[in-house]
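As structure tokens, one chain now follows by itself in the form predicted on its own.
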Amino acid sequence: METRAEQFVDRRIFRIVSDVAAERGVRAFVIGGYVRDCFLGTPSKDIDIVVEGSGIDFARAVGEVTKSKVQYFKNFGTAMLRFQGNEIEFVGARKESYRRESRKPIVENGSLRDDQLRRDFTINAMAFSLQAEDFGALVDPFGGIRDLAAGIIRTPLDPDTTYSDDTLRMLRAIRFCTRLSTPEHPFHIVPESLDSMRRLNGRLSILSTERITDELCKMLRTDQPSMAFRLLDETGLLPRILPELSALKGVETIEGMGHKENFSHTLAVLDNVVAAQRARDEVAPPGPDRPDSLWLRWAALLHDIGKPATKRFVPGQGWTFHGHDIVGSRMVPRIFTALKLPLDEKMKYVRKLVWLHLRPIALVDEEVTDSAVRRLLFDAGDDIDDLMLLAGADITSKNPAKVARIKANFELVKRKLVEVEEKDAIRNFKNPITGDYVMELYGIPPCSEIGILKEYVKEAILDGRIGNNFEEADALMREKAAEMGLKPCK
């Protein structure tokens, strides 16, 4: 029985495409993600049109009708235009074959079925006809509509063929499974696909690092990224991409004492961060000054990355990971370099949060002094809010009473941060004493004494011995300078 979905193609652009196809004597279809998302109840403005003919020539004809500027990508045989808020990409139907050592296909002209066969998953191979005689009819030769309803990620062809042809599809399978899953409608990858990934994960080596990392970032942007990383681990892909994360797996037991399973803990923290971000954004929508949420998620993923290198067993005490925050922060630049992630302020932000992630919790277990809070504010700067969100997400004990106690004390730390910042303005601390001022006052060139004096003043402000203002800082600096034998020249 034919499935009609005219309501999903009730847009002017589809009628225009239908008319142009009829005039040119070719067949055209809406295909891929737009079709899938219509059935999921989230139709998008990104539309893919496949034409049994030249996609570039067809796009040119549609552009003339719509008076739209057409962008051509001749290397890929595609073209794109924007019309009434939609971004429409055109491609000619094609069939592809691959050489084993490359993911670059050999492309030939083909039919709609050829084009559907080369698609990655059945749920992405569905198409709507734009022919006048069956306008809006669903063309679904592989049962994508059934798989969508059942929450199944499955390849149109044998998975070994699909994943050998284009190895990136293994990562896409995991990303789609994660992105489309909801508590009400979970998705899963069929067992034969998972088995194929385990057999073929070595073919990741033919992919560029940039393509792999792009998929990782898309996984991190989903609502439950832990699902993606569990699937990456289950299929043997994770150690080939991020071995430092795989190294967190497992529990070692000595003298009957085991440590926390750090891989599962890390994924729990990651999901906690995502939930906390959503809650925060509902209260205060993100502005241009707030870092992209992706980088806080990277910090959550890497926050305990230094634990394997610092794991020690102390008889009578148990397992320790002393210094894993410092070691982990030093690993961040190397990991970002390997994954070809940016090495600019984004990397520095992640490194800072990994370095500081224990500090707020340490305050919970100690007396919350103004001095300790000032130092935390000084080190975190404008990233203090994200640091506190990460630290709060890191509270994952299975003991409900312990969690309740820590969270109560954590709220005290947050209140203290607000109080101290309002009083002392430490978040974006600038030393009231500058090097130029010291040189001018004492008539000296750049030298180590200037650094000593500035550090002395900074420490005094952070300790609360003086206020964060020029007058008190200048008086204290002059006392210290006199002890060092410096005399004002005026």
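Residue indices: 1-based, along the sequence shown. Because the structure is a prediction, the values reported are computed rather than measured.
The same protein also exists as the form predicted in complex with a small molecule; that form is not shown, yet it is the one meant from here on.
Using a 4.5 angstroms limit between non-hydrogen atoms, N124 touches the small molecule in the predicted complex. Interface membership of F263, defined by any non-hydrogen atom within 4.5 Å of the small molecule in the predicted complex, is ruled out.
Not displayed here, the small molecule is kept clear of D383 by more than 4.5 Å at the level of heavy atoms in the predicted complex. The shortest heavy atom separation between R330 and the small molecule in the predicted complex exceeds 4.5 Å. Proximity to the small molecule in the predicted complex, taken as a non-hydrogen atom within 4.5 angstroms, holds for one residue of R374, R175, R154, H357, which is R175.
Here is the short version: of H324, K352, R118, R297, the single residue with a heavy atom within 4.5 Å of the small molecule in the predicted complex is R118. Exactly one of the stretches 70-78, 342-350, 390-398, 176-184 approaches the small molecule in the predicted complex with heavy atoms within 4.5 Å, and it is 176-184.
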